[in-house]
Structures are given as structure tokens and as C-alpha cells.
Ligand SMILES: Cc1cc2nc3c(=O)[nH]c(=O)nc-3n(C[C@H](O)[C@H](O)[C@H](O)COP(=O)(O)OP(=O)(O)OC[C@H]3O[C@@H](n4cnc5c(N)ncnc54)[C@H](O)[C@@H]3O)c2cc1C
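Take a look at this one chain, the form predicted on its own, written out in C-alpha cells.
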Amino acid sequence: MDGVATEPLLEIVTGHQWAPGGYAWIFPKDGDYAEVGLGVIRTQTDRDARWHLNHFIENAFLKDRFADMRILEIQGGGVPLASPLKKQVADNLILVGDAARHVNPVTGGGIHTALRSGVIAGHFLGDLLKAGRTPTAANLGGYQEIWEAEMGKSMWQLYRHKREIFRNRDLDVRNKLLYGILSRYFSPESEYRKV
């Protein structure tokens, strides 16, 4: 969008009324340009993400900031928010990124996790092939061990947090819990290393 009054920082808005199971965001670009969007968990609502985005733009407490906006581009898609695959290798195969469900289950972010997983896989395969070992499932299991140590533990922890949040049926409590985990995640002192 252009014509959006922005702050020089990423803004996150939580709450079931705006983004059931997720959050809305305003990501400032140059000048008065901004990426405005949201993510929802489809099982938490009977409406699609586009409806929720329009509802957010037209009704949120910061709707005045969108009064002069113009939509320049619309994008959308699905994100695998399930837990990471327990087995990410097979003979001649290593899964990374969305294929391995290397997506942050709380934020829905997946580009950096896919890139980090790809780097781990690339280094591991390079070493494996240099050593003259064949890429069998047994030989590729070391990739998953490295991935678990570098990224997996944090991703599994975030997935457990997500499950705890959405097991709670009280929407006010759920909103507070989701806000809390997102605040901790985006904090500069976060215990999660950009998962």
C-alpha cells in the first residue's frame, strides 16, 4: 500500500477479532509505503484471510492511518504451521524449508528458517560427498541431528507454546498468551535465535 502513515518499525497487532490464531502487521517501506497483512489459522475462523484483512483495515483502532491508502499489490498463500517433520531424510533426499515444515509455528516466518536449513544441508552434503559416502537415509541422518541442535529445539519449543496457547478456549486468555509469546519472540533479548 501507499498512503499509509507508518512508524519506523514493524508493528504487530494481535487479537482474535483481527487475526484469529495469528496477527496483523504493518511493515514500513520507503516513504509512505507499507506492507500491511495478516495471518490467520483457518481452523480458528469461518472466514478467509482476505475478509479479515479488509476488516482490520476498515475497523481496527488504527484505521485512520489507512484513510488515504491505495492498494498496489495483493499477495496471499498458505503456510505449513504444523510441527517439523520427525523424519526429514530418506535415501538420496534431504527435506528443508516448507517441505520439512521448517516454519516458525508462532510467527509463520519461513524464509530465514529455510535458508538456514539449506545451509546446514549444503555443508553436510558437501562433507558427506567429499568423504566418499553415499547419500543413504542412514548416512543422511547426521543432517537431522545437526538441524535439531541448531534449530530444531527452538522450533519444537515454539510449537509446544503454540499448542498450549490454542488449547485454551478463553479468547481473552488466548489473546494475552499469543501477545506474550510474540512480544518475547520479537524482543532483542529473545531466547529464540530468529526461529
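Small disclaimer: the values here were computed from a predicted structure and weren't measured. Numbers for residues come from their place in the sequence shown, where the first is 1.
Keep in mind that the form predicted together with the ligand is not shown, yet the notes after this line are about it.
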Please run the contact check for residue 96 against the ligand in the predicted complex: heavy atoms, 4.5 angstroms, yes or no?
-> yes
Should residue 109 be classed as touching the ligand in the predicted complex when contacts are defined as heavy atoms within 4.5 Å?
-> yes
Partner proximity in the predicted complex: residue 121 to the ligand, non-hydrogen atom cutoff 4.5 Å | no
Though only this chain appears here, would residue 79 touch the ligand in the predicted complex if you measure heavy atom gaps against 4.5 Å?
-> yes
Report whether all of 9, 19 and 56 sit within 4.5 Å of the ligand in the predicted complex, measuring from non-hydrogen atoms.
-> no
